[in-house]
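Shown here is one chain on its own, the form predicted on its own, set out as structure tokens.
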């Protein structure tokens, strides 16, 4: 693989082996991050709760974004995405693991969400939403969401793996049926998750676009992540059937969702500010105080302008020297976005990054990476008998 552009053939000397240090990295992150997070949980439970929630929502977005891309693959009967489908299925199937990682949030819910300790009769905004924001509903909805996500991702991956064995049309039909119903479940469940676990920190806030806002950022970050993972898989020879077409199309979608995210975020801001309803504007007023103003500017320029201008050229989407740093940049920007949504209530004077934030990111990221590698190494790295597999390879080679 060239250091400047995606090559049609695997890198010289590529093999399926992984550097021992990289193989051990997930365990290192789990131990170091887990110890740091555990210490912080006992010494400053409030800071730990908000830091953990920020990291949790960041990684949840990658799992949900992967689920969306898998659903889109089947709904549109796509050919180009066949080689990347399998590792996206594995990432989506990390949602049951996210259910276990949700337990600290469940235990610290009354610390994280002020509405849980407020009498709804003394708070008009809470009283109006008490059917939604009550302790019982919070836990029931959380359990239901993870149960639904577990079933949906399990079925999508199980039928996909069965397709590898039989190549039967039955598998393809089943996958399309699950995707057809799953897309509606996905939209509703993602919106509920964003509202319950992030927006409800400030329960007075009201926005009909909040779920779409979280969705746009989730898919944007997932596309950047998928691009980097695909590069790594091609470089190590794990998925040799990846070609320029897959990378170019991922880059195209990344540009699309860069614009879509900016449109949704600006529309939410513009409509709320223009309406000037106190129950809505206070959310942005708080985020223009102290250093949160600068975080907002970072999101405007870093989350939109930098990737937008970087991806405009057609050939830019195939330049490794640009796309790998851009993938890392996407993670940084999305994490800033999660901080912007979660932390202002706890740190109203401005951004206050601490070791607790890093510990939580390291721990959750390490757990998910460890499980993902177990999944990936246990099964074929890409679909073997997808009906569009030959077409995707032929189409990809014609683009090289």
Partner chain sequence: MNANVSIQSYGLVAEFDTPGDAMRAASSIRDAGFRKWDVHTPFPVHGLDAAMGIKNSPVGWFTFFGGCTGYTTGMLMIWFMNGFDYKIVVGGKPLFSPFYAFPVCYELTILFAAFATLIGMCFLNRLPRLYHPLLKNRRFAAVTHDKFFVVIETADPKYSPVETRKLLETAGSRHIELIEE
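Residue numbers count along the first chain shown, from 1. None of these values were measured; they are calculated from a predicted model.
FYI, the form predicted together with its partner chain isn't displayed, but the following is about it.
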### Task
Heavy atom within 4.5 Å of its partner chain in the predicted bound form: which of 140, 103, 309, 180 fits that? Just give me the one.
309
### Query
Between the options 184, 266, 154, 294, which residue brings a heavy atom to within 4.5 Å of its partner chain in the predicted bound form?
266
#### Entry: residue 165, heavy atom within 4.5 angstroms of its partner chain in the predicted bound form
no
### Query
Is residue 131 close to its partner chain in the predicted bound form, meaning a heavy atom pair under 4.5 Å apart or at it?
no
### Query
Is there a heavy atom of residue 75 lying 4.5 Å or less from a heavy atom of its partner chain in the predicted bound form?
no
### Task
State yes or no: in the predicted bound form, is some non-hydrogen atom of residue 285 no more than 4.5 angstroms from a non-hydrogen atom of its partner chain?
no
### Summary
Note: its partner chain not shown here; in the predicted bound form, the stretch from 274-282, 95-103, 146-154, 80-88 having heavy atoms within 4.5 Å of it is 274-282
#### Entry: in the predicted bound form, residues of 313-333 near its partner chain [heavy atom within 4.5 Å]
313, 314
